[in-house]
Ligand code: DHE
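Shown here is one chain on its own, the form predicted on its own, set out as structure tokens.
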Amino acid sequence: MKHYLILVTACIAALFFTRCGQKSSNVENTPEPPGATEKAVSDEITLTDAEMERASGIYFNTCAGCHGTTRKGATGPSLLPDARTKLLTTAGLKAFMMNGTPGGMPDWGKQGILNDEEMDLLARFLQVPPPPIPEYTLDNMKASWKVLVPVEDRPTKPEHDRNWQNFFGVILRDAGQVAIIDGDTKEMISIAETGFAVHILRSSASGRYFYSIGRDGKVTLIDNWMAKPSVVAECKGSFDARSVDVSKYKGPKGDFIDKYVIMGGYTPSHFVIMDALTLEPLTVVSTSGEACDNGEYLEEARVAAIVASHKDPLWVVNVKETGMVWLVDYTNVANPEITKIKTARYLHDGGWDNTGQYFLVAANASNKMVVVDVTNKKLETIIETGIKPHPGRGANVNNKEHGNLYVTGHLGENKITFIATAKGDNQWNIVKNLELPGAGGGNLFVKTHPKSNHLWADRALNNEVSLQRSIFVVDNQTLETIKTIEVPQKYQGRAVHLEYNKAGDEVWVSVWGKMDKPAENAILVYDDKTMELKNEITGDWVITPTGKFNVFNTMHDIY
């Protein structure tokens, strides 16, 4: 049984906040589960059409992010019947769902998020062959495309006198919404209806727009200049997705600023280039292809993190299952030039170093960080780190002794890793592995700011409740933990995702509680210097807050 405890880390949900068994109130945004009407039989395990449809929906909206739509595994292990799940049996699978694992799988049953009947259904579903992945074509995308406010009808200057570059876009995950909050006044300005379980927001190069990407593959465009920031366009690019970014290269004449946007599909595996101001889908490119190590052809080759270069007309596109980093030149969107770089599997999240030349991304199934020299379009190096590195965008620390450092945390063990990035003999060496207070991993995000002396870290996926609810402050010079902060007891959710304000003197933290209990949820604002709680943003509208994205920091890739 110990062998499977290590291997089965089910249902983290794309490493960004899986909530098994919860449904979005925005029902129309929930994707149709692939192959949901098929009847499946495997030995003694039989699912009716209705059970298959329901189980497919639960799996698709929760577990597929880590284990793949075809259940062949990625960050989490394979969940195919012949590979593992028949051996575990229904009882064994339910035990993992109930209790979680030290390697990062939450205890969904103990938390009451997945009930016994749902665990039983999902356990039986995992013991039958997975449904096939359907097609989703450019014609499907164009049929979903809506321009709600034409470009010519949008304001030519802000319709308010707010400091819009200090706006925060806050994901209300299970409500299928994004709240726009004034970072100066802490006032909620508007709530935009977006895709199901939004994964991230990205600011346009100008900062005027937010682009959101939902778990249902829907991209929404939010205009921050409107008196009440609202969705002005939307387009569904896939059944399932995690990544979006805009063109940020200015070029000789500023030709590419906010001209194109790219979204990366999980299901099907492709990326889509759209018009940045209208979201009209222009080009679709499949990412299916050969793996970096053994040349195996993989149809399910999902697009993980995407980042935009500020120095060249390039997007960095990370193809998870193949371990290939694609540099996509958008000079000619009808036929984009692509440089493919072999790295390691399976690629997930990452961000820029402080120079913007190097991109660092977690190959978390290999326990490695990959460094790509984007300027010279080549693999720079691969660094062995801890178990399942998960940097989010990561953090860039300026340390007096070691120079510039890139920071990643880990899901699978208690380790915050500081990697030297400054050119010289020490470049790409690990200068410190810091253990945070308490046992086990579960870190999802680290964050700092050029004007701060601190690095903040969460432990949202740790199995210990007190650690789930704590945030940890590290001194950027000593690289030691200086304070552990547990969120107020009146909020019963997990402390997750950290974001600074524009000035770099506040840190915003989400308390992610249950969807049907808004009082358990909050957005907490801490003074970065004193580390004291200074504001609590609450209300019936604060439903499962997760990621928070400051306009200025996001448009300039400050983290």
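Each residue number is its position in the shown sequence, starting from 1. A quick note: this is a predicted structure, and the numbers were derived from the prediction, not measured.
Same protein, other form: the form predicted together with heme D (DHE), not shown, and the subject of what follows.
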property: Distance check, residue 236 to heme D (DHE) in the model of the complex, heavy atom within 4.5 Å; result: no
property: 4.5 angstroms heavy atom contact with heme D (DHE) in the model of the complex for residue 349; result: yes
property: Contact label in the model of the complex: residue 463 to heme D (DHE), heavy atom within 4.5 Å; result: no
property: 4.5 Å heavy atom contact, residue 468 and heme D (DHE) in the model of the complex; result: no
property: Triple contact flag 167, 181 and 211 to heme D (DHE) in the model of the complex, non-hydrogen atom at 4.5 angstroms; result: no
property: Contact assignment for heme D (DHE) in the model of the complex, among 219, 304, 397, 419, heavy atom within 4.5 Å; result: 304
property: In the model of the complex, the residue from 447, 410, 459, 248 that sits within 4.5 Å of heme D (DHE) by heavy atoms; result: 447
property: One stretch from 63-71, 530-538, 501-509, 49-57 that, in the model of the complex, holds residues within 4.5 Å of heme D (DHE) by heavy atom; result: 63-71
property: Sequence-ordered list of residues in 486-501 near heme D (DHE) in the model of the complex, where near means a heavy atom within 4.5 Å; result: 496, 497
